[in-house]
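There is one chain below, alone, in structure tokens, taken in the form predicted alone.
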């Protein structure tokens, strides 16, 4: 039977067309609009927007220069990067501690931990955010507990960047522990036992054998958690301060409150560029893993 390559291409073109129309094209239009293009499909949004930068010929970076000149935007960018880096670091430390304990212990505490760490997966982010606001706010549970113990004047961590970090850690821990635990489970016990037989301590065996064999799951946790926190909206909107704001909240503010969609799309493009920078780490890790396995 004669093969018809175009049939397979036609059958697989549906998802590609959907991605191009609903994802690719809006991205191109948003980038062009942030660079001063208000013609074509951008004409409708440009007709109602305020404080636009318009160029008749070519493109311009003036929108981005104006945003960078704004001290508030620079503070928002700094706050976003700070929350992302700190939250990812805390998630990695806690997730590795729990994953290593579950990997090398099978007692009752390990069974309890294996059930408890999954709880945030089944709690909507909105509900968790409101619960954490009540828990950490001045006048909330922690404040009442400290007052009962004789300590007064708990300032509260709600509506602060620290509170945002706490909430992000709570939401992202289950995925991190699942990924790291699966990677640690794949490490053969024979390698660890051989290391112990030649005199290595348990800690040295972890550092020299277990962690290097778990690099790819670690990079997945690092990149996926970082990208998720970088572009998050619900947690910083409900838990964070009014200033500085994370970029997800600042983008919405410019679009809805200020009616400045061009500036909002420029912030969205900036967030995308930062997320793409994190994604490069994931791609690099996969390439290195394929090279080690001899895959071209």
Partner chain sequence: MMRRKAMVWGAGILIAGGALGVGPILPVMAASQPVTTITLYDSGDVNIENMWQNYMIPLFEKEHPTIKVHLIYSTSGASNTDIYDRIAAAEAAHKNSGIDIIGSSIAPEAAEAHLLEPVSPKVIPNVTKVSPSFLKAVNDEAVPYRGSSVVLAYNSEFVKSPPKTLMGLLHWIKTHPGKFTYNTPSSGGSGAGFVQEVVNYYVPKKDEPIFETEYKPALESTWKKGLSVLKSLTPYIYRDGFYPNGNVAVLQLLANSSIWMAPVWSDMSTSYKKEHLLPPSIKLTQLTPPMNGGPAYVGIVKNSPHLKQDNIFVNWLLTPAAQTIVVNEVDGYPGVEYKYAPPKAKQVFGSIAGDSSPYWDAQFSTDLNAKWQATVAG
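Residue numbers count along the first chain shown, from 1. What you see is a predicted model; the values in this text were computed from it and never measured.
What follows is about the form predicted in complex with its partner chain, which we do not show.
### Partner proximity in the predicted bound form: residue 65 to its partner chain, non-hydrogen atom cutoff 4.5 Å
Heavy-atom contact with its partner chain at 4.5 Å: absent for residue 65.
Contact of residue 82 with its partner chain in the predicted bound form (heavy atom, 4.5 Å): Result no; residue 82 lies far from its partner chain in the predicted bound form.
Quiz item: For residue 214, is any heavy atom within 4.5 Å of its partner chain in the predicted bound form, or not?
Solution: Output for residue 214 is no: heavy atoms all beyond 4.5 Å of its partner chain.
Next item on the list: Tell me, yes or no, whether residue 256 is in contact with its partner chain in the predicted bound form, where a contact means a heavy atom of each within 4.5 Å.
Entry: Output for residue 256 is yes: heavy atoms within 4.5 Å of its partner chain.
**Request:** Using heavy atoms only and a 4.5 Å cut-off, determine which of 54, 44, 69, 61 is in contact with its partner chain in the predicted bound form.
**Result:** Looking at 54, 44, 69, 61 one by one, just 44 meets the 4.5 Å heavy-atom criterion.
Enumerate the residues of 229-257 that have a non-hydrogen atom within 4.5 Å of its partner chain in the predicted bound form, in sequence order, or give none. If the 4.5 Å heavy-atom criterion is applied to its partner chain in the predicted bound form, 229-257 yields 237, 240, 242, 243, 245, 253, 255, 256, 257.
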